[in-house]
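Shown below, as structure tokens, is a lone chain in the form predicted alone; questions about how it binds or moves come after it.
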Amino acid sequence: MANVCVITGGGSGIGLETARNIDKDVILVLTGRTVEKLERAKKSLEEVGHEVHLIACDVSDRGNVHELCALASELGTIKTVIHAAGLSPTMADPETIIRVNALGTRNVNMEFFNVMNHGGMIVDVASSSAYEMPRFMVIPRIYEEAEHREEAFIRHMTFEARLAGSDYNRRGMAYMLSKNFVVWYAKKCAHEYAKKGIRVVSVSPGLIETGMGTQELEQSDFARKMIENTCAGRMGKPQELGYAIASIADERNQYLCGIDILIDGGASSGRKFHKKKAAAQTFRTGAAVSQPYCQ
């Protein structure tokens, strides 16, 4: 049977660019919420030799994900799942963000685990924002509710998001919480799914030059600061992330599992670097001012 690669959020951005880097002998199944985007993506991929199938799917609805699994299974052996679907703070309210980003990841991983075999691979796309979470707000006990106490999980996650203050900050906090959950959950799945020979990795992109990323840059000072902290002083390109994710998913990377891979252009390390540099500069300046007094 032919091998199948399923890509959620495959109609544009990182998902579509990942699809471009998948081998052409692999059947692609693209899914998303907007049929028009999916049709445009299908056309562009078929023009360069890919076989593509489409299905509209809301990943926050487990029934939808179950149907997606059934369709993909009819086409061949599901070898790879790239879960790139998600919502940013500019796109929805806190509860919807948590349902799509967090529960969507749970739904995708749990449903595809049931139909995948040894040698399968799941890549969950998180975000570098996962690393911005205040430590006191990361509560694994709440994360553990996702699999068996869905409504309690949503209630507790949205309550935490409400602590952030303004409407935009609450949505931003919901996003960070949901992506921190993705990193945690992918690691959990990696160890549990290993018994079936399925590899799981998460990827945390920084600010990427997509419609979603551009919206964030326009509305958030934090996003603009992220750009300043990168090594290249720019947003990442979807093509760069697509190549990286397809490489991570390559079956030759069997020993790469159970971790989160941060791909943010150095923004996270840059923030720490510039903070230390500023502190050192303040210390040197202070020492220079106090020197005459010491003499």
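Numbering starts at 1 and follows the sequence shown. On a predicted model such as this, the values are computed, not experimentally measured, just so you know.
Quick note: we don't show the form predicted in complex with a small molecule, though the next part is all about it.
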| property | result |
| --- | --- |
| is_contact(T34, the small molecule) in the predicted bound form, heavy atom dist at most 4.5 Å | yes |
| Contact of V59 with the small molecule in the predicted bound form (heavy atom, 4.5 Å) | yes |
| A19: touches the small molecule in the predicted bound form, heavy atom cutoff 4.5 angstroms | no |
| Contact label in the predicted bound form: P94 to the small molecule, heavy atom within 4.5 Å | no |
| Stretch in contact in the predicted bound form with the small molecule, which is absent here, among 141-149, 185-193, 81-89, 163-171 (heavy atoms within 4.5 Å) | 81-89 |
| In the predicted bound form, the one of L177, M116, A72, L207 near the small molecule [non-hydrogen atom within 4.5 angstroms] | L207 |
| Interface residue in the predicted bound form among V200, A102, V125, M157, criterion: non-hydrogen atom within 4.5 angstroms of the small molecule | V125 |
